[in-house]
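Just one chain is shown here, as structure tokens, and it is the form predicted on its own.
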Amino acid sequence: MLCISYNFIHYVKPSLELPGLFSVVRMRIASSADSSSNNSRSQMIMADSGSSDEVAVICNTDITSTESENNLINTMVERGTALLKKMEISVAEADKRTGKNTVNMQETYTVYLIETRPAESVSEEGTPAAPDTLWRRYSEFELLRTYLLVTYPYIIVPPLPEKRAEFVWHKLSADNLDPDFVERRRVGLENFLLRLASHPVLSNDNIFFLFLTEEKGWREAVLETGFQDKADSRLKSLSAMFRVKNPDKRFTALKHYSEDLSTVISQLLRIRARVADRLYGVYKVHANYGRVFSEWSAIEKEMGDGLQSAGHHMDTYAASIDDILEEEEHYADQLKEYLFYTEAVRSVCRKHELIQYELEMAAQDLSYKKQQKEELETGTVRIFSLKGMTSKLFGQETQEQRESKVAALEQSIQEGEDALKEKNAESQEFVEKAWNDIERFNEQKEKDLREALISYAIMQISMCKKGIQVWSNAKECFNKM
């Protein structure tokens, strides 16, 4: 079970500057004792400094390993939208199942339980109302996100957690059915849903709402939208990237930034995995101190008790690394989310390149038609044009033929002007919507990454303090000998 330590919730007046990431905080009770008696095992805290007297703030403190077992897993999203004000959303648990796939072969897969309930709903007994529940496979989350990418190409759609573990240190299982990995992915899927539910546009999508509330018939509903026919082919996007003549410098700079950010985060994750490997070895070696002190205590009379106690402290210190590195995976997952976000940013940039390319093609086609009309009206033909070669071979066209072609070209030019005007409007609308969402994303990204790095630093400080405490305890044991 993944457990996030060193966090607790307290309340401050809204006049203070808040260091937290978001205004909506989703909290999960990690205690197994509470989970059996509480069906939802979750609580949504809505904190809006503009409409409430108090706001929730994530703070940090050192806690014991016993307290960490009953700690809270915090999934934080942006300021609440209408959907989050009406509905509480959680991915409560994961379950392993076995069945036949599309080619009639046996397979083992994981399903996730989505719980929803009206916000602030209370039963007649005064307890929270039982949630509505449904099960979803990871592939259904993928289908939902693909639909959103195609339907809202101007939006940086939140990414899904990794399907298979990446950037793992050697003691961490890369198996996608490993219980610890499944638990981290459950947290990531819940965060994905809350990201969507907090988005000012995506939260209002009907297919997303059906995903949360209708277990049967949802797949048919999303396929009926015809979104697959609207999807741009990779070849078409690649062609636009290399052939567009006047790319928007802002989107070009954004694409380059996303590539650089992806490189930086990947390097951080690789370094963190190497550090985790070495740290694990250093901590586990301390168990040798415990073994030696215990053996030494057996041959001493007056010093025996002190050596035995010091050995116990060393054993405890060596064992603590497992929980520490499990907690570190939470911060690694936060970085991975933004590693995957960079691809979502590039997706918006590629769509803009495609729109710009289509706009340039429409303008080029219109220019060519106008040139044809001018040639017919003036009788001047370019030396190396196909029309010039045809005229030399078969003679000049009659006046009636030219007038007929001019009339057809005028109609075609009018249609071309309308198409160009439509493409211009589409491009302007896309740029406006995309840049609004990019600004929203940049604000979210800066808050998220700052908070994640600060929390990671606090965790490292706490870990060092525990090491100092262990050796201070050992020192006291030696003083008593």
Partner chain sequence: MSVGAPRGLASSGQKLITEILHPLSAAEEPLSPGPDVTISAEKDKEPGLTNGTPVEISSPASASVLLSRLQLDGDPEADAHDPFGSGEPRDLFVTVDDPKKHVSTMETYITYRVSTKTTRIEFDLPEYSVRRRYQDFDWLRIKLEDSQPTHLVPPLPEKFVMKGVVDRFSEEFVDTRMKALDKFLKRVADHPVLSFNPHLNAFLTAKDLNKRQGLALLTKVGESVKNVAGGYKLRARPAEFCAMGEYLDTFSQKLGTIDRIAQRILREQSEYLTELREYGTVYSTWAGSEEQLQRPLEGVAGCVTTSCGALEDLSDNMSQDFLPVLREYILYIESMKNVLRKRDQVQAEYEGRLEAAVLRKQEDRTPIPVEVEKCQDKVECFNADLKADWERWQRNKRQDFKQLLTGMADKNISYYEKSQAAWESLITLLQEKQTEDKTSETN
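Residue numbers count along the first chain shown, from 1. These figures come from a predicted structure and were not determined experimentally.
Here the subject shifts to the form predicted in complex with the partner chain, a form of this protein not shown in this document.
By the criterion of a heavy atom within 4.5 Å, Glu451 is counted among the residues contacting the partner chain in the model of the complex. Not displayed here, the partner chain is kept clear of Arg402 by more than 4.5 Å at the level of heavy atoms in the model of the complex. Though the partner is left out of this view, Arg272 does reach within 4.5 Å of the partner chain in the model of the complex, counting heavy atoms only. Contact annotation for Asp229: none of its heavy atoms lies within 4.5 Å of the partner chain in the model of the complex. Using a 4.5 Å cut-off to the partner chain in the model of the complex, each of Arg278, Tyr283 and Trp471 places a heavy atom inside that distance. Distance criterion of 4.5 Å from any heavy atom to the partner chain in the model of the complex singles out Tyr289 from the list Tyr289, Tyr109, Tyr154, Trp135. Proximity to the partner chain in the model of the complex, defined as a heavy atom within 4.5 Å, holds among Leu261, Ile207, Val150, Ala363 only for Leu261. Residue heavy atoms within 4.5 Å of the partner chain in the model of the complex occur in exactly one stretch of 210-218, 352-360, 157-165, 329-337, and that stretch is 329-337. No residues of 406-427 lie near the partner chain in the model of the complex, the criterion being any heavy atom within 4.5 Å.
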